[in-house]
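Shown below, as structure tokens, is a lone chain in the form predicted on its own; questions about how it binds or moves come after it.
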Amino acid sequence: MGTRAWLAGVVAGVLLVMCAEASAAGPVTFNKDVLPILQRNCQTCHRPGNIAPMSFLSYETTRPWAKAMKAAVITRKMPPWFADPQYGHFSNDRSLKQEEIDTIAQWVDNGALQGDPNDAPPPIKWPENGWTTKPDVVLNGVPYTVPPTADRNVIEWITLVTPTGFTKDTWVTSVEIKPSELGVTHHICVSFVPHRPGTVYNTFLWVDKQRDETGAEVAPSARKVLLPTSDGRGREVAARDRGNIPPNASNGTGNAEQNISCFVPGRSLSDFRPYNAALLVPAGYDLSWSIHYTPNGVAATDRPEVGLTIAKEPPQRWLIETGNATDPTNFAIPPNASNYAPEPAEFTFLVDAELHWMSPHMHVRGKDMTYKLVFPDGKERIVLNVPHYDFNWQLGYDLAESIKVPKGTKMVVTGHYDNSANNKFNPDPNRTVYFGNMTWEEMFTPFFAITVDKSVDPKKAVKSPRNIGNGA
């Protein structure tokens, strides 16, 4: 037998074995092959009460979306994940492997069969009411009715203070923010703040800003406004001038006001338990809210909640989450600029720390963001690169293994913006874009979380750029 004939025989034999194995394995089914993928990668969002508009907990709720699911995973639109795999490994990476994409595609192409119920893995026991983790304590916000429309589609950012009710020092190990009306909630951020004399609880406060016909801010306007209270009465309060620091803003040197956690598309839970860390919330502290709603054509009353898990014993490490940006007075994206680079944000670590988590924040012209550590010996390391930023999915990236950051290390964060007509999300490429709260304005806010030894004063752990407050 010649070499070619022998090779042909071997190949034919291998193919026969593979076909036999495939036949023995049977067709791809939902219960045996697809459901395990959905549990690992999709159900965090695709379940009742969460951000996704459809549930993937069962065959009955998933089957109508089979073709759309195939299209989304083949194009890698879903699950959303934007970190460059060359830099770092992340424990919450839900992107699909190619074989998982092939499995879903094959399932759809073969008729989206349900399969034997006995092949299905046990269902994940998700917490009730849409929580990602079961809270020990739930703090309620104040209901707010978002009108179906607003002038220029603008509802200014709202601030609010509510009591925590904590009568003793409390160690908080996770913070989850859960709005009830996801369709109108642009963001909700919360911080634990010292109680201030004269604080008025459960009262919404905002600044009426002068805006042009496009909704862009053109000048500050501060006046007294009548604001609703929880009992339905009105209360006249003084609006803050532009430039004042809202109650939930960090002071630029750590978590002087005990952290800031946010609900934004793709992110609602800040979990410190994997780091063996917690936030100390002293007795009597209040909860400060920063809220931004956007009308969507239907009136909706949002009833936000904050769920906390509590440690019984003091942790070994402090958790610090921060992310201030560069000076907004130097931020101006020229018309039609396709690759505008703002001044880099630079943070200096004043103590030894461990880096755990990063989350870029920009608006609709955001293009990319890169986090780089510059160590005291001059060595550099890129720890996160998001080459294709998507404002619709503002993800947090949890490092699979923390990175030790010695005292004196700098974190330098760079980014770019596309203000050209090639950006399909750009509302107007022909105007200069400045720093601002609304999505048609811009921000450059690189959030990150570190832990430090509990002997360290967390207020003196990180030197941040110019303080302008945290934004979402």
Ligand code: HEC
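Please read these numbers as outputs of a predicted model, since none were measured by experiment. Sequential numbering from 1, following the sequence displayed.
Below, we turn to the form predicted in complex with heme C, even though it does not appear here.
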item: Sole residue of K134, R94, K372, R152 within 4.5 Å of heme C in the model of the complex, by heavy atom; value: R94
item: Listed residue that, although heme C is not shown, lies within 4.5 Å of it in the model of the complex (heavy atoms), from H89, K77, H388, K125; value: K77
item: Heavy atom contact within 4.5 Å of heme C in the model of the complex, the stretch among 45-53, 423-431, 441-449, 405-413; value: 45-53
item: Distance check, Y397 to heme C in the model of the complex, heavy atom within 4.5 Å; value: no
item: Contact label in the model of the complex: L35 to heme C, heavy atom within 4.5 Å; value: no
item: Interface membership of A277, heme C in the model of the complex, 4.5 Å heavy atom rule; value: no
item: Any non-hydrogen atom of A72 within 4.5 angstroms of heme C in the model of the complex; value: yes
item: Residues of 414-429 having any heavy atom within 4.5 Å of heme C in the model of the complex, listed in sequence order; value: none
